[in-house]
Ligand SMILES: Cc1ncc(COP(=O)(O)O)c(C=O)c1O
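Only one chain is given next, in structure tokens, and it is the form predicted on its own.
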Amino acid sequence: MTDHPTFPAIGRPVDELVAEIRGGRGDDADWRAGRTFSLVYNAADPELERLHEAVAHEYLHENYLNPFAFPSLLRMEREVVAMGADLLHGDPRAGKLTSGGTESIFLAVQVARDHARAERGIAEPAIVLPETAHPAFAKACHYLDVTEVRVPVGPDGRADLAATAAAVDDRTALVVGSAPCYPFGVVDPIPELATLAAERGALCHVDACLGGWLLPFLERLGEPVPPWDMRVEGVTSLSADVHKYGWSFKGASLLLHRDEDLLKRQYFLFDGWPGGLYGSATTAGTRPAAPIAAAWATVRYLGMEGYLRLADQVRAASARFRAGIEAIDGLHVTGDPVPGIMEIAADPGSGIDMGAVGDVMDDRGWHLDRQQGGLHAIISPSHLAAADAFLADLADAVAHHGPSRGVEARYGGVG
């Protein structure tokens, strides 16, 4: 039985504690060397990292629960929303920053639920979404008492329009599409999904937590990106994580609505207690200030030129990984993902145990996510330098894979 620490009787010196913290990190993933996928989005930019550390120090203690106490944060949030809205062709007055993609999705479901109840009289709303949609939607439905209806995807991994149309009915409050989806990195047919939603009077949310700060720049670089953002009529909300391909640190996500009336539905106000008026624009009460300031500083530091440069590096690293993976006998990348996201899968009949391959990669210090169909990688600029070592280890793992030692103990993240 593991011994549990008791509450300390006396405090310890700062230097001693810092040394213990640093000394205890020996088994942590080496994200700076490109050893992690999805957990840390590493721009491989020492100056950006220095900026983040300075911002974190500057805003370590402030609480954004009351934005009027810290007008600098209110200004920065409004400016990040406006800059993001400009990028995504939305309304600069109709957005907020949240703590991450899960909170953005939660609020999008909450707004759709309340809209359906108030405007359409639906007592028990439902949302319709492809089976590839992020688990945060399932979590939101669980907490908000909304029915979740998942429908199949087509052979290309994109939402099946016929199955979606069959599932949408008079209870549907929200239709969801991803840009791109996490498992396969493909963009759902957003215009068609938005049309299906509008025909029923439902809202349509685009989960661009992954692609919101990448697809606009890939499009400018000439990559074929299908319509997905606020230019699509019928899209009523969109989430885009600044702490993913926006290159800021955790946790900052942008949630944009079509208009201010929808945004207002996520506000919470309460005065039924002796403590005065309580109000919040997001799920959280206390809100850490540093992620908001870091989001602002990151966008200002990189600008269009910097984001295009990093997107091009993601594209180059993805091409190198994909070519190397598909050169390994028995492996392929699932479907045709946008640059940056990919599932590494075994060819049918190859006999390759991807769980065992993943175990070997774990042992060699690579932190790939596990999926039902294979191993999952999200590519950052830091992976350019790590590509050759990764591909050599992957080829060796495939050639010498043995029985899996229990994939269930090694889940990857999907944040």
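What you see is a predicted model, and the numbers here were worked out from it, not measured in a lab. A residue's number is simply how far along the shown sequence it sits, counting from 1.
Keep in mind the form predicted together with this ligand is missing from the figure; the text below concerns it.
Screening 246, 84, 340, 101 for any heavy atom within 4.5 Å of this ligand in the predicted bound form leaves a single hit, 101. Proximity to this ligand in the predicted bound form, defined as a heavy atom within 4.5 Å, holds among 180, 125, 130, 291 only for 180. At the 4.5 Å threshold, heavy atoms of residue 188 stay clear of this ligand in the predicted bound form, well away from it. In the predicted bound form, this ligand stays beyond 4.5 Å of every heavy atom belonging to residue 257. Although the partner is absent from this view, residue 134 contacts this ligand in the predicted bound form, with a non-hydrogen atom inside 4.5 angstroms. Contact annotation: residue 209 falls within 4.5 Å of this ligand in the predicted bound form, judged by heavy atom distances. Residues of just one listed stretch (101 to 109, 319 to 327, 75 to 83, 147 to 155) have heavy atoms within 4.5 Å of this ligand in the predicted bound form: 101 to 109.
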